[in-house]
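Starting off, we have a lone chain in the form predicted alone, written out as structure tokens.
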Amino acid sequence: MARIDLVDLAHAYGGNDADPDSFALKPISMTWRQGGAYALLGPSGCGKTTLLNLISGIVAPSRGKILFDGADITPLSTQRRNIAQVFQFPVIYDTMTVGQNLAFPLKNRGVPRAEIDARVTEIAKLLDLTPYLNRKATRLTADAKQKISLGRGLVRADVAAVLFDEPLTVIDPALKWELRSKLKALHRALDLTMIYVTHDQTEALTFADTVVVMHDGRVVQSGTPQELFDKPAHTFVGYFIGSPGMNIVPAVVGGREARIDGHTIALQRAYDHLPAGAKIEVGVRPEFVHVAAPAPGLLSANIERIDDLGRVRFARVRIGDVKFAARVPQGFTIPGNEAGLVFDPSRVHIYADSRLVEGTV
């Protein structure tokens, strides 16, 4: 287990002399604590797998350093970094039994037989693989094979970190929740540093204590799931996390007021010194704005449809040329296609060129 420090780490597949804007991973510096559960979250091509491969040693960085517990491991091979990696597609040996697959990483390192047996028994129990230990892996289901792959990554107690590269992508959706819960339980039981790459916000938010959101090769925010939901530091975080995502609309902001499509909404903080020439936007999650009967002083909207999700309903509305989502209060009936929108001022955020502006109390 290790604390991992990334120091001005960056990578360009075209070489160190490439245009900085073309880097697959722009320079980042951050620390991941020993025993933490982290998720690298973002869309395809955002740099999350590149970052994982730099940590594992599969790819050598163009710039910067990687430290494990303060020691520079940047020039070391993957084997010498003492990490375990679990890939999207299960890596198992079909001719071996489940028990032999789990034991293989330990046997390769000359671990005593009694210690191997004890560790395999422990990991098999945690993954519900005990009934299959003496079965060949060849005819097991896809989720059982991925459990074996996970077990092979977790069986070594001395690893600096366990890296997961979208390990549930090929798993049936009905079984994903079970395996996500199992991974979370394994993390608590084994106290290993775990880094999990995914494009699925549900996987990231249910697995990780800290989620690192990436966009266009950059880390745009790192925080707890609650922090990312309540206070997105970048409009991309607001848009990418949440279902539906945050409403982000152009606005004119001054003092404690924002004007959207000619209508004024109150703000909890004052914004008197916004950057000159910046693109100013208001961000508010659909959960914190609700539809009401049209009334003077409310922002007017045209209702296009209602999405009924069972325990909650969201109205899809249009404000001029801008689409918007708002919560429909329980039992509320919308008369016609016109509605007013009621905002919670404490949940309205202001962004300048996509970055959160704090404002003053």
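Note that the structure is a prediction, hence the values are computed from the model and not measured. Counting begins at 1, following the sequence as shown.
The form predicted in complex with a small molecule exists for this protein as well; it is not shown, and the discussion that follows is about that form.
S.K.: Does the small molecule get within 4.5 angstroms of any non-hydrogen atom of P43 in the predicted complex?
M.R.: Flag for P43 set to yes.
S.K.: Does the 4.5 Å heavy atom contact test between A339 and the small molecule in the predicted complex come out positive?
M.R.: Contact with the small molecule, no.
S.K.: Closest heavy atom of A24 to the small molecule in the predicted complex, within 4.5 Å or not?
M.R.: Yes - in the predicted complex, heavy atoms of A24 and the small molecule come within 4.5 Å of each other.
S.K.: Although the small molecule is absent from this view, report whether E227 comes within 4.5 Å of it in the predicted complex, heavy atoms only.
M.R.: So E227 does not count as contacting the small molecule.
S.K.: Among the candidate residues D261, E166, D209, D143, which is the single one with a non-hydrogen atom no more than 4.5 Å from the small molecule in the predicted complex?
M.R.: Looking at the other structure, the residue within range turns out to be E166.
S.K.: Out of the stretches listed (62-70, 327-335, 309-317, 48-56), which one is close to the small molecule in the predicted complex, meaning heavy atoms within 4.5 Å?
M.R.: The contacting stretch here is 48-56.
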